[in-house]
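Quick heads-up: it's one chain on its own, the form predicted on its own, in structure tokens.
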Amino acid sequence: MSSVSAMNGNAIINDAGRVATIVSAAQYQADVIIVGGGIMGSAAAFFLRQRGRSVILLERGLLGQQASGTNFGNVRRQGRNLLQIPLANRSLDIWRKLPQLIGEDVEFLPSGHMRVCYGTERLGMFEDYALRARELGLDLEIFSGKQLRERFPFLGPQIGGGSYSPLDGHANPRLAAPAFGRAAARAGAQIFENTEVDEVEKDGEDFRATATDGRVFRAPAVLIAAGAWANRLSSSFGESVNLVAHGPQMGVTEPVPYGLKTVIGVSASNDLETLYFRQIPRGNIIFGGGNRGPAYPDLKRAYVRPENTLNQLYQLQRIAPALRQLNLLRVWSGIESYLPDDLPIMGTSTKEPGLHYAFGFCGAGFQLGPGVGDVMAELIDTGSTVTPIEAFSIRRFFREDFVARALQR
């Protein structure tokens, strides 16, 4: 089994008495360097250790501090692009056994996920999606009319139907990435928090990642999982993509008696109506959705707009009128990364062997996180993966047909 090695700042003298090498700062060597300590990077570190690979994980702040820790906490498969369903299925299998796998509880509850719509216009879309998803292993139930009211009596009168996924649920995003990171560390991974990477470059047979404080990390393989900051690193290898940052608009209410076990999300053509909410066993209602707010990766800041919160509270009472009297405790945002086609980037570089990517999950990466880590560990370790991810390759942004369509928008 490989291990991480570190060299301190010493001059190495050769037989002739000349200085052969001067190491100006600490250097670290491993099989794989991971840049980015969100849920994808932390999970990849854990699964690489399960495969016997030595790992260095570099995080500019604290594990799970950015999008992985500030999202809604949805562990849902339905509503995704169908290309993501095999990956989402693999990830759900991991979510269901997390306490046994990593030794910690991240408050995953397979409480079910209900995707509703106003009126009945979108029911046909729900039915078509359910038919195609079933072929990929995702079973959904369609509810409308009397059956809808009997099963979900708290829904408002404007709700006309919904699609129910009984095995989906929710988890605590503030716990998940740090828990994976601790499990990876217990398994032997080297975790470096508060370590900002200045550059990653190829140096002989290895990649060299240099931190802003001068520390140097070397490995023959690199995984860039740096979220909204990833494009700066991919660009240095000639693979720049149109990655943009937005801030989710989130809030939490005062606690009330626990009774809402199902996650509710609205499917609508109007972004203002796309609210989602869940109740945690402590009683608080957590909600998000609607228009996104501004996010500034260079400043590491994202902001909640008051008008977005007011719209969320209005939408919340439309969906579930019984929640209209709740007091708001807190609002927050984070920095999420988005790509033009709303699909993530996963897989190998088109330019440099040994370079791998997993970023740009367009606000829907939390559920996928454990599966992404497992898939990327498999890909780095073996050179392939049993889960189809070709549609997520970065090479799609450099194909002539994709570029032509982008220029027409």
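Just count from 1 along the sequence shown to find any residue number. This structure is a prediction, so every number in the text was calculated from the model and none was measured.
This protein has a second form, the form predicted together with a small molecule, left out of what is shown; the following refers to that one.
Contact between Val375 and the small molecule in the predicted bound form is not found at the 4.5 Å heavy atom cutoff. Residue contact with the small molecule in the predicted bound form: Asn71 places a heavy atom within 4.5 Å of it. Shown alone here, Arg60 lies within 4.5 Å of the small molecule in the predicted bound form, counting heavy atoms only.
For Ile39, a non-hydrogen atom is located within 4.5 Å of the small molecule in the predicted bound form, even though that partner is not displayed. With the partner omitted from this view, the residue of Asn311, Ser165, Thr195, Thr253 that lies near the small molecule in the predicted bound form is Thr195 [heavy atom within 4.5 Å]. When the small molecule is considered in the predicted bound form, only one residue from Ala30, Leu48, Val35, Met346 comes within 4.5 Å through any heavy atom, namely Val35. Heavy atoms within 4.5 Å of the small molecule in the predicted bound form map, among the stretches 48 to 56, 360 to 368, 347 to 355, 380 to 388, onto 360 to 368 alone.
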